[in-house]
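The form predicted on its own is given below as one chain in structure tokens.
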């Protein structure tokens, strides 16, 4: 049996870091088990779903390093769902209901006032053929509910019926079907709710493992019953904890909070996003992984916490910095060229500045400083200006190399008596206009003697 997983967002907005967490969990599980990854778009809500969002989600996944084996759209499979529903009708496992949303809301309120859970009472099962005909004569169209197998001889007398499974992440889980309303599978307008198409697709696509957020735990009890009603063995289920913002708020595609697109646009590396999205809220220390293959070695479903995990964007900067600092010139050559950083000096420049970058795009600032001069005029005391005049008089002759800085500063120290910060800070300000940055020993050969003298105060 080939391990087969799926990631199934609705294309109604950009995916955020929480969605990416689910996608990555599925991808890493397939990677570890040499399985297949199916990208399914749950776009039965045709009014809100768009191809533009679907394309954006695929782009985000590709950026993260996820490349689906198959891409499927639920909107193209309504005939399959219709056929499956007709089968359940014929077997008496679904039933027609005619209540309006207002009538259903009133029934829930009445049950609450009586201290009862707001569970649908299966009133539609009591309707006679004449009553149904009268409703349809009024122009009402039925919605269809799945008759949960939570009763003995009489469906109007539900009894405790436990559905259990060994969750990949949460361990033993139990849902009592008697505590739930019969789920609506198809609305009166013919559209389907999430529950039914998802099960039909999982059967048709041979899904072996369903990995998703723990907000679906209760749904799983219903879906296991649906799998069995359709004559199929349920897949294995795993429900991971959800991510929240640092203030504890849930993430939303509509709000755009921490969307993958916004993180990419801000210059965050894909492996910084993947590392934090996967490792936060697990037994593993959060650290920057260089590849998804390496990350897969640290992914263990059973080690994921059951409690929600807070996602702090500040941690992304730390991870991003670690990844940038470890990148070789060959890894970034093309990206640097796209930023206008190219030529014989590019490799030496990268090796000199990468240790001071939070994002790759930060290299542009240092390239400008190297090529155009300092971008800020330094604030120097008269004493420092006098010191710099004497220092620049002591510049060694070319050729310059990695030892030039040491030779120059030793001569300055001997001539002026200055040392430490009092020596190098005025020089750094004169050369770059900034009080911190790459090692001057690395920058000096790139500037050359002529370029250095051009920055003499």
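Bear in mind the structure is a predicted one, so any value in this text is a computation, not a measurement. Positions refer to the first chain, counted from 1.
Omitted here: the form predicted in complex with a small molecule. The next part is about that form.
- For residue 95, no non-hydrogen atom is located within 4.5 Å of the small molecule in the model of the complex, even though that partner is not displayed.
- Remark: residue 165 does not count among the residues lining the small molecule in the model of the complex, judged by a heavy atom distance of 4.5 Å or less.
- Although the partner is absent here, residue 144 lies well away from the small molecule in the model of the complex, with no heavy atom inside 4.5 Å.
- Though the partner is left out of this view, residue 428 does not reach within 4.5 Å of the small molecule in the model of the complex, counting heavy atoms only.
- With respect to the small molecule in the model of the complex, the three residues 6, 10 and 40 uniformly fall within 4.5 angstroms at the level of their nearest heavy atom.
- Out of the listed residues 354, 209, 212, 122, 212 is the one that sits within 4.5 Å of the small molecule in the model of the complex by at least one heavy atom.
- In terms of contact with the small molecule in the model of the complex, the residue from 299, 194, 387, 367 that brings a heavy atom within 4.5 Å is 194.
- The partner is not drawn, yet in the model of the complex one stretch among 64-72, 40-48, 416-424, 390-398 has residues with heavy atoms inside 4.5 Å of the small molecule: 40-48.
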